[in-house]
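So this first bit is one chain, no partners, the form predicted on its own, shown in structure tokens.
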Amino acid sequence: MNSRHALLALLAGGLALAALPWLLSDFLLALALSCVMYAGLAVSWSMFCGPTNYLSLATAAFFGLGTYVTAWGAGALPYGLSVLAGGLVAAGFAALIGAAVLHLRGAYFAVITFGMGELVRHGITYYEKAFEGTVGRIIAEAPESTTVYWMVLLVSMGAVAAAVLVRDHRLGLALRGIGSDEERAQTLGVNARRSKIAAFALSAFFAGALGAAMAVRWTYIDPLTVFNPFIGFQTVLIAMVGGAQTILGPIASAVVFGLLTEFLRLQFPYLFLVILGFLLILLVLYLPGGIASLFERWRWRRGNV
């Protein structure tokens, strides 16, 4: 599917999803909001990590930064501007950190990006205690739930659109070259450093914007909540289960993962994490290419019938 057709399909799907607040109950709408948010996070993560084969655990850092931008700007900035500012702050932070650490790969990069989240969390905790005399922030006035849903949907659609455009742009080709053989890509004229920083910052923009958009869902915001490593790990799992090399895979995985998690939480409140972990192990062992690989197998079999 070329970019034009993909963007038209995205627009049609977005319009259909935008009608959900009038069709669903509050509980189902909250579930849809979670699925849409994780779809946006997983696609934005895959935008950089999928083609480059880097394992970034910094999603929680970018998400938390965006959340605190909204918390600090509550009452001073309109909701839409807070979301934009949250994305820009996260992108700027990613570009700064990326310039220093993107020469690393493998476990070293994964560990240092995880440490970024912890560093930011402790830094904000120190600032709040030392200069503001508090640990967290209270958001007294929040937009309606439908407004939050539409904003999260808009940001997630932006992440998908950006992933489509990057995939078919020179930047996407450069990222795939870096993932295949970075030294060879550089000999062919790819500016690996600039390409990685640009893609890393773009990926962080959407994670930060989603954090800023979701901030108003919490009455009280504190570092332990918004810099929760589980947000980053869950994003990585969703992307990998869906197929990080694709765009549709993480979207489908976010829906399946969201519904499955909610079902297991309700049916097995004390065992759902164990069951979920077991299912994820089975998927990794027997479906390493993710959900997207099922579609590829179907296309291959159809072509050989």
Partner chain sequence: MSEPLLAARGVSVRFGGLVAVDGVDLDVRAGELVGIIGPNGAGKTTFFHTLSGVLAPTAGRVLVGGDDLTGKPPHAYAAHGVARTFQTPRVFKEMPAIDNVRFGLEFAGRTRQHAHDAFDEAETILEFLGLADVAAVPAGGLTPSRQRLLEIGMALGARPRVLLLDEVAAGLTHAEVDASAQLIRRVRDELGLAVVWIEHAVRVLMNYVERVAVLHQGRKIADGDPRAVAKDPAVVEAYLGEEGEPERRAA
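Everything quoted here is computed from the prediction, not taken from an experiment. Numbering follows the first chain given and starts at 1.
Just so it is clear, the following notes concern the form predicted together with the partner chain, a form of the same protein that is not shown.
Using a 4.5 angstroms limit between non-hydrogen atoms, residue 167 is distant from the partner chain in the model of the complex. Contact annotation for residue 191: at least one heavy atom lies within 4.5 Å of the partner chain in the model of the complex. Although the partner is absent here, residue 92 lies well away from the partner chain in the model of the complex, with no heavy atom inside 4.5 Å.
Taking the partner from the other structure, the partner chain in the model of the complex has no heavy atom within 4.5 Å of any heavy atom of residue 132.
The contact residue chosen from 173, 74, 197, 161 relative to the partner chain in the model of the complex is 173, the criterion being a non-hydrogen atom within 4.5 angstroms. Partner contact region in the model of the complex: 175 to 183, out of 208 to 216, 78 to 86, 149 to 157, 175 to 183, criterion any non-hydrogen atom within 4.5 Å of the partner chain.
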